[in-house]
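One chain follows as structure tokens, the form predicted alone.
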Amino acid sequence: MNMLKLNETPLRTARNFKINNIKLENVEIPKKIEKFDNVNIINDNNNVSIKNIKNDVNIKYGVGEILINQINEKSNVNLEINIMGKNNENIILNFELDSKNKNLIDNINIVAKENSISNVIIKYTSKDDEVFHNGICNVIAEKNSKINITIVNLINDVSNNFYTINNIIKEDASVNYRIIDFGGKNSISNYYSNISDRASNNVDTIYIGDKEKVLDINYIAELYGKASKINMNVEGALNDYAKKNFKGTIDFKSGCAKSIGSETEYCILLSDNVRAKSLPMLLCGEEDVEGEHSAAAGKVDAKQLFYIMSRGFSYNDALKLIIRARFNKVIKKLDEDLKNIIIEEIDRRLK
């Protein structure tokens, strides 16, 4: 495969911005997919059923047709998670890619039944071998359900990560995401939500790009229901020669009166050689709504850096403190084990 064109925006912008899609050269999509055995599932909830069931992927957007077709035809992990009642313990899916499990094509369907409450953690890690990940997390949140989902990408720096998230959020439901995107030489993600009456959706994302990493983040929310809400908050840092595109679209559909949508993205530039593009969009087919967006990028504040260093911290340690503070909205919500892993990863990438 010489060229992949992925992650199309829902509305085209001027071609010279070069942000309507991402083009990747010389990315090899594996044709032969072996069995994947290295997944650890932790579930101590009596109200949660996890089964090996293959569901066809039929979604509006996604990372790209060629990758969605691969999931439909060759997925080697297929899970359906049905959540009933109020659950206190986390549902945890740990995927570790290695030399014997080099290609992961996962199709995860999560159904949060009416009035249910739950927390799901999905983590992807890998060892030193070059690996390939292409996955989808498809969520249906039924009426008055609440689900918190944490997705962590920590695969190594020589591998490719493609990820699609698709949400159907029904009346009075609440779906909250924490997304940590640190891994891969190419990490391409697509997020979509269809939001009904009085439903809410929050997405808090942190990312780090270093070396020659390419990140392309495409978030889309369509508000169909009255008094529905969407909030996207994305924080990131780029170092070395990394490149990042952020595309965020909030679409107020006709009939979604009294709805509220906001999106913010801030990128810390740690090198003069990085490249950061942002495209926040608001689309509106309804009058009585509130929408706001912002995007910014900049270097670390010199006065803030000087103040921290004057307290005895080295330059690198001061940088780490500043970035941790920016990421703290996500980090503080993680359990202790995962929090420590993320802090160690930040320190490792910014050494």
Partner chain sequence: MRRKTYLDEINTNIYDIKNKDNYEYKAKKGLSKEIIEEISKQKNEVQWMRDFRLKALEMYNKLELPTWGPSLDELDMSEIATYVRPKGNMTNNWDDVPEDIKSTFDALGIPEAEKRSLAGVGAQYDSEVVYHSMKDELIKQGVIYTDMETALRDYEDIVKEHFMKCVPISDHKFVALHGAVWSGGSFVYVPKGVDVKIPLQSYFRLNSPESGQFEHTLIIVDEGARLHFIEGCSAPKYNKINLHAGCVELFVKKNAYLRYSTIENWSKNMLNLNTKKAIVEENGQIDWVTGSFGSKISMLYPMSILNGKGAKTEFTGISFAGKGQNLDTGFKVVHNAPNTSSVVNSKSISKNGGIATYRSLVQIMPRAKNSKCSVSCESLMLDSLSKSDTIPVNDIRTEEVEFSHEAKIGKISDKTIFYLMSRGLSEEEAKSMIVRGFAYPISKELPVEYAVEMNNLINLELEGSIG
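Since the model is a prediction, treat every value here as computed from it, not as a measurement. Residue numbers count along the first chain shown, from 1.
This next part talks about the form predicted together with its partner chain, which is not shown.
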query	finding
Sole residue of 309, 325, 296, 53 within 4.5 Å of its partner chain in the predicted bound form, by heavy atom	296
127, 86, 211, 275 - the one with a heavy atom within 4.5 Å of its partner chain in the predicted bound form	275
Close approach of residue 19 to its partner chain in the predicted bound form, 4.5 Å, heavy atom	yes
Contact flag, residue 33 vs its partner chain in the predicted bound form, heavy atom cut 4.5 Å	no
4.5 Å heavy atom contact, residue 288 and its partner chain in the predicted bound form	yes
Residue 121 within 4.5 Å of its partner chain in the predicted bound form, heavy atoms	no
Answer range among 172-180, 267-275, 106-114, 68-76 for contact with its partner chain, defined in the predicted bound form as heavy atoms within 4.5 Å	267-275
Sequence-ordered residues of 10-25 touching its partner chain in the predicted bound form, heavy atom within 4.5 Å	11, 12, 13, 14, 15, 17, 19
